[in-house]
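One chain comes next, on its own, written out as structure tokens in the form predicted alone.
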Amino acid sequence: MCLYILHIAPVLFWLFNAGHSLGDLDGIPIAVKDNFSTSGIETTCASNMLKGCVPPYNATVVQKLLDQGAILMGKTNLDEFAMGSGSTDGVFGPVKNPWSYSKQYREKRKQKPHGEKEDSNWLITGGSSGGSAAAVAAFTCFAALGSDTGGSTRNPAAHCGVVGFKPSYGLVSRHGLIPLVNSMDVPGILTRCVDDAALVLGVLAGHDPKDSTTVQDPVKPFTLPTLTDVSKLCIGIPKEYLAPELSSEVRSFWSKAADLFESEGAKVIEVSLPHTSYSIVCYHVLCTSEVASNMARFDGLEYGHRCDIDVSTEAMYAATRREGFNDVVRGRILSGNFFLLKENYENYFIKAQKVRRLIANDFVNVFNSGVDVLLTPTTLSEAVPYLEFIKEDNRTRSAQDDIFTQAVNMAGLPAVSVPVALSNQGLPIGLQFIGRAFRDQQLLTIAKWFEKQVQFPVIQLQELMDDCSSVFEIEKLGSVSLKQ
């Protein structure tokens, strides 16, 4: 990767000085989640199964970024095969949240218990695109690609204090994204502001002949207008999202955000998504079923890891998958295969598909009633320490952490998480906006207005502040926030 940067950066610099611009992202550093294929660069999905796998082609979204002059700084860590909500279960180890080392958090921390080491209580990033979120939050890149199957871009964005955008299903190509759940996977975008997300979306969006699910119609540029009047908007507040597990701080910021829209003349109404209570179970059945199907290709024959056992083909299959996959991946494969058994197919998979349609129709009915966007929490709480997070298993954590995000994937809608304010512990809290299908520009325009009102503070990393104080002075935002 270092050799790649050393070779490509001087070429781009020469072209720029010669007046030859490649595009809107000339010389801009980006990062890519390690489940997108990158030509000549190892792509592992943070799994032993794909250790040493070097694709011969770029994912469409990666190629589009490079064509516009972006510089790929590196591949980012994730939960193995993007199965998780903490970025803690990959073969390369867990991802640490940059806010663990922020001045805001360290000043708010209570007195450390006797004997506790300085670095023993670091925070998780959320997942599964935690590496991408951390890279953007720590100023190591301008933007990063994540993937979003049930909230994997928006969840870490909320925990890391950055913008996480999930486009409408079919707006951005999935070609080259190693599939988890084909009917829900969407490339996600992580940036430090909404305008940046719109800029990257403008580069990525559009039809791809290599992905039959992408839109056929030409896509217009995603330049966001400056919204000054929100009085004609109708903001929906889903009553089912007032979950008992929702922290009091997140609930308070959610309420204050609704009040902010109302104070500026927008119509804010309570709406109902009646099938929300079934969405986690429905998502689990459909997700694991597609996972079981997609993971079947990793058999040790064509590519990826292969064990040394040669007793029989069946023994080689079993040993390869036992060595290549972690417990989380194997567990989802087992669940999915159970749901797809002939005797279970109708009672589980088909019923889940029907419930998915009901969930999607709930959103259609709300938007047809005149609602422009829905305003919801992104996560139940702020980021938690790693040692607390791993007290519960991956399946339990994922079910809890995806509660506000996964229904959007089943409905194919666009959604964006915007950082709102810091908690009492000095940690980011994000809120989610959900829009109509293929009204991504409208959604981002409203999110941009909201972002301007709340003016989320810049992370203060002491090492960076010492070295780059002038940069922070330029980027420092105002002090207005929902907490005031």
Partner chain sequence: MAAPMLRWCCLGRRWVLACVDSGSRHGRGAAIGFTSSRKRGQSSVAQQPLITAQKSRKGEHKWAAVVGLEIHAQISSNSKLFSGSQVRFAAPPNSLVSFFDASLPGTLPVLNRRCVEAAVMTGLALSCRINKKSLFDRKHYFYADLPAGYQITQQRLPIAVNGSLAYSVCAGKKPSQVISKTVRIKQIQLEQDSGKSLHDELRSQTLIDLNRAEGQLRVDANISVHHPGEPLGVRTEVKNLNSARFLAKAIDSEIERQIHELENGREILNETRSFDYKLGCTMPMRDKEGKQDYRFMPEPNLPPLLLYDTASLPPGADPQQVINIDWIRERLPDLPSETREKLIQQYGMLPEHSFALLNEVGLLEFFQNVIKETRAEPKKVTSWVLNIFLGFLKQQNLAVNESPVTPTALAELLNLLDRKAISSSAAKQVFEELWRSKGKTPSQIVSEKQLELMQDEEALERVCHTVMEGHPQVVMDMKRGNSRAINKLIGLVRKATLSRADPTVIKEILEKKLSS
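This structure is a prediction, so every number in the text was calculated from the model and none was measured. Numbering follows the first chain given and starts at 1.
Here the subject shifts to the form predicted in complex with its partner chain, a form of this protein not shown in this document.
Proximity of Ala257 to its partner chain in the predicted bound form: non-hydrogen atoms within 4.5 Å are absent; the residue sits far from the partner.
Proximity of Asp211 to its partner chain in the predicted bound form falls within the 4.5 Å heavy atom cutoff. The closest non-hydrogen atom of Ala296 lies within 4.5 Å of its partner chain in the predicted bound form.
Contact annotation: His175 falls within 4.5 Å of its partner chain in the predicted bound form, judged by heavy atom distances. Contact annotation: of the candidates Val230, Cys307, Cys193, Leu340, the single residue with a non-hydrogen atom within 4.5 angstroms of its partner chain in the predicted bound form is Leu340.
The single contact residue among Lys267, Arg397, Lys96, Arg321, judged by any heavy atom lying within 4.5 Å of its partner chain in the predicted bound form, is Arg321. Only one listed stretch (176-184, 144-152, 400-408, 258-266) carries heavy atoms within 4.5 Å of its partner chain in the predicted bound form, and that stretch is 176-184. Taking its partner chain as positioned in the predicted bound form, the residues of 302-331 that bring a heavy atom within 4.5 Å of it are, in sequence order, Glu302, Tyr303, Glu314, Tyr317, Arg321.
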